[in-house]
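Below you'll find only one chain, the form predicted alone, shown as structure tokens.
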Amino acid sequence: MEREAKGKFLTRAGIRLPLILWSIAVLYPIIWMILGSFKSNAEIYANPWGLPESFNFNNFIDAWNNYNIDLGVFNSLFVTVLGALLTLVLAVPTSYALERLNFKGSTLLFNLYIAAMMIPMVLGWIPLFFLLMNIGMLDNLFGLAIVYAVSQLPFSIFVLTTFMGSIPKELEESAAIDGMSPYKILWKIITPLSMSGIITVTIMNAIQFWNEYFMALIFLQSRENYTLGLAIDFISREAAYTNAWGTLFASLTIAIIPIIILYAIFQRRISKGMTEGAIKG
């Protein structure tokens, strides 16, 4: 019994110790950055690894008022919300059609969507640049939101078809007998029963859009349209000459706090949704 208890303890320690070390390695830079956002430049240079002498919000005020980080937050929020909504508007009916409606070429079309997940998005940046320029949507937040939605469409369809495929067809057949149209069946029966998958897809897409940098860098040109990532990049270049490191740390803190809160709220639902999708698939 004693040997068995020691064996279990060593096994648990062997599993948990690497996880604890990995958590420290991930969390420490974030904590250091947040603490640095409350320090003056003098404190950052004199004691970069220590606690701030006082929790001063001047860096946040400076980033918000003087470096237009508020505009970056608004622009990122706009493209994130609009991109996530557009993705759902496109993905939900497409997933239903591919999963439930037997039409010629449906399997081929679904396989094309799955294959699109394997294509690096970087290959489409140059064609998309010229496409947006030709239709007058370059340097346009609405155009960027459309690009975001299209880029996440294959992933969203892949997840949602898995959820919709698990819904009993007898429910649709009963609704059709009662006179419901396919559109009403989709929005009143299939969509509510697929809500777990829809929430999972929406949250994961929103996190992706909020953190995205490279497409915004390519498709946005004027500073008033900068998303949060571009605004922070501008501050980082300014900090090299003005020593505004505290302001930079404050900007980064503003950027990550909403994502941390969002993931903390929906973490269980995301894990549950991905697990259910894997099991049902």
Partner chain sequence: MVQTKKQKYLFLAFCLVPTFILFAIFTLYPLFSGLYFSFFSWSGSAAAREFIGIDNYIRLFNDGIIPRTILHDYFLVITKVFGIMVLAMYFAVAIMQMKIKEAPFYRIIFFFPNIMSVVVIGILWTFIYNPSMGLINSGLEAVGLEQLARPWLGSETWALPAIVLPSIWAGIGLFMLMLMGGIGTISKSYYEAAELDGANEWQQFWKVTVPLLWPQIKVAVLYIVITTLNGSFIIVQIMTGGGPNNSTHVMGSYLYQQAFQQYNFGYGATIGVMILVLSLLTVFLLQKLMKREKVQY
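Values in this document were obtained by computation on a predicted structure and should not be read as measured data. Residue numbers count along the first chain shown, from 1. Whichever C-alpha set is largest while still superposing within 1.5 Å between the two forms counts as the rigid core.
Here the subject shifts to the form predicted in complex with the partner chain, a form of this protein not shown in this document.
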Report task. Using heavy atoms and a 4.5 Å cut-off, decide whether Thr80, Ile189 and Pro192 all contact the partner chain in the predicted complex. Result -> no
Requested in this report: With heavy atoms only and a cut-off of 4.5 Å, decide whether Gly197 touches the partner chain in the predicted complex.
Outcome: no
Query raised in the report: Does the partner chain come within 4.5 Å of any heavy atom of Pro168 in the predicted complex?
Result: no
Query raised in the report: Would Asn140 count as a contact of the partner chain in the predicted complex, using a 4.5 angstroms cut-off between non-hydrogen atoms?
Result: no
Query raised in the report: Do Leu35 and the partner chain come within 4.5 Å of each other in the predicted complex, heavy atoms counted?
Result: no
Report summary line: Of the residues spanning 237-264, the ones with some heavy atom within 4.5 Å of the partner chain in the predicted complex are Arg237, Trp245, Leu248, Phe249, Leu252, Ala255, Ile256, Ile259, Ile260, Tyr263
Requested in this report: Return yes or no for Leu21: a CA shift of at least 2 Å between the shown form and the other one, with the rigid core superposed?
Outcome: yes
